[in-house]
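First comes one chain, alone, set out as structure tokens in the form predicted alone.
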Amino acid sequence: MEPAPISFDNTEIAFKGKSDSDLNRSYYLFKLIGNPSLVKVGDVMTNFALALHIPIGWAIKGNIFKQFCGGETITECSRATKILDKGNIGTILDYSVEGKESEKDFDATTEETMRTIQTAHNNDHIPFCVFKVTGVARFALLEKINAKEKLMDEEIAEWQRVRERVDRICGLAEKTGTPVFIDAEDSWIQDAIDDLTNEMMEKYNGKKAVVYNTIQLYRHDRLAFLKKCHQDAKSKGYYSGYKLVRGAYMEKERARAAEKGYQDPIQPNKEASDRDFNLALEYCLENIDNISICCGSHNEQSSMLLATMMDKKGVSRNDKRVYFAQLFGMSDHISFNLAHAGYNVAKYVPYGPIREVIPYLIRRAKENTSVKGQTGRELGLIIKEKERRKSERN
């Protein structure tokens, strides 16, 4: 029997889990986020309030926090998880506390990440877990390692503690059978992260992909990097896991390259990013026997491309080696329609204490204003669904 066709325009499926009040909240939030000036003012005011320790959690908990986060704890994420469960969409618990610098905080983040893995164990609704290396390591240390600078004795000991934290997380992931994504970060610390991730892949991916690296295809060197890593893995006899994304730090990357006088690591234009992203999808699918992939994209064309290629190549829509993923609170028209058509889909569900998660929320708002058409598309679909519901009632 011919597989059911896919469409990202079905708003009834996309917003089935949202009440009218949820839709209205989303509408007004995306209207605000669509105004770059308001986002900039909000950024300044929020940072000012944080610096002065002014309590602002009450002001965002019922709106932007509720839209893009699951809650303050793993338990509180159950609300979001239940909505996703009904749409046959998995949850990726993402402890989104950022900017910490102490050993105590790094140990706490390690323990919290391991709690997400334990929560996911034997839970089909939580197919992956995720963490950032900067959540368990000092940024300046990663910078120094990336630059291949000589480490002091105390820094060698510090780096060993970082490696042990990452190893504990990946070891538990392998033991419980829950794959873990290691997120990509700034280019000037990424080599250190890549080396550590490849080390964990070689150690834990002997039977299947447990550890996944994240490849940012808005960098002009990443398609070649992905192919090289895959060939290395094949030669050493372990499986590769890759989460493919376009990237999230373009303005910062360009500004630093200009300031420091080195080659801009970012693609010359969006077309080049799209080309490499789609070529990476094709490469991974062609090598599906020893690569598992997660297409982490809010781009309709790339999502449709992978879905169509799977059908053409005879890769089952529910093959666990292929997943699609989007962020909670965004691109529900992609997530829910893909899941409805039988593909594996999961949503990143960030969580953490409100004050600690604010940097993540600010970044989400900035990304929405910088991605051409993203906010307008979200608004258009919400309006379409509001009108559909109104017409249905009349």
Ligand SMILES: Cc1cc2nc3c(=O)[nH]c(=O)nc-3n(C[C@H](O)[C@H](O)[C@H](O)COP(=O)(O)OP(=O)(O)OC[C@H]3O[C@@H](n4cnc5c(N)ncnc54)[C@H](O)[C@@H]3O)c2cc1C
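In this text, residue numbers run from 1 along the sequence as written. Not measured: the values here are computed from a predicted model.
Not pictured, yet referred to below: the form predicted together with the ligand.
Interface residue in the predicted complex among Lys234, Lys227, Arg254, Arg168, criterion: non-hydrogen atom within 4.5 angstroms of the ligand
For this set of options, the contacting one is Arg254.
Identify, from the list Asp183, Asp194, Asp276, Glu174, the residue with a heavy atom within 4.5 Å of the ligand in the predicted complex.
Of the candidates Asp183, Asp194, Asp276, Glu174, Asp183 is the one lying within 4.5 Å of the ligand in the predicted complex.
Residue-level question: is Gly71 within 4.5 Å of the ligand in the predicted complex, judged on heavy atoms?
It does not: once the ligand is placed as it appears in the predicted complex, Gly71 has no heavy atom within 4.5 Å of it.
Can any non-hydrogen atom of Gln267 be found within 4.5 angstroms of the ligand in the predicted complex?
Heavy-atom contact with the ligand at 4.5 Å: present for Gln267.
Are any of the heavy atoms in Gln326 no more than 4.5 Å from a heavy atom of the ligand in the predicted complex?
Yes, contact at 4.5 Å.
Heavy atom to heavy atom, is Gly241 within 4.5 Å of the ligand in the predicted complex?
Although the ligand is absent here, Gly241 would stay clear of it in the predicted complex, with no heavy atoms inside 4.5 Å.
Would Val245, Met250 and Gly296 all count as contacting the ligand in the predicted complex, using a 4.5 Å heavy atom cut-off?
Yes, because Val245, Met250 and Gly296 each have a heavy atom that approaches the ligand to within 4.5 Å in the predicted complex.
Residues in which of 310-318, 183-191, 150-158, 71-79 have heavy atoms within 4.5 Å of the ligand in the predicted complex?
Within 4.5 Å of the partner lies stretch 183-191.
Check each residue of 338-358 against the ligand in the predicted complex and list those with a heavy atom within 4.5 Å, in sequence order.
Going through 338-358 in order - heavy atoms within 4.5 Å of the ligand in the predicted complex - there is one hit, Tyr348.
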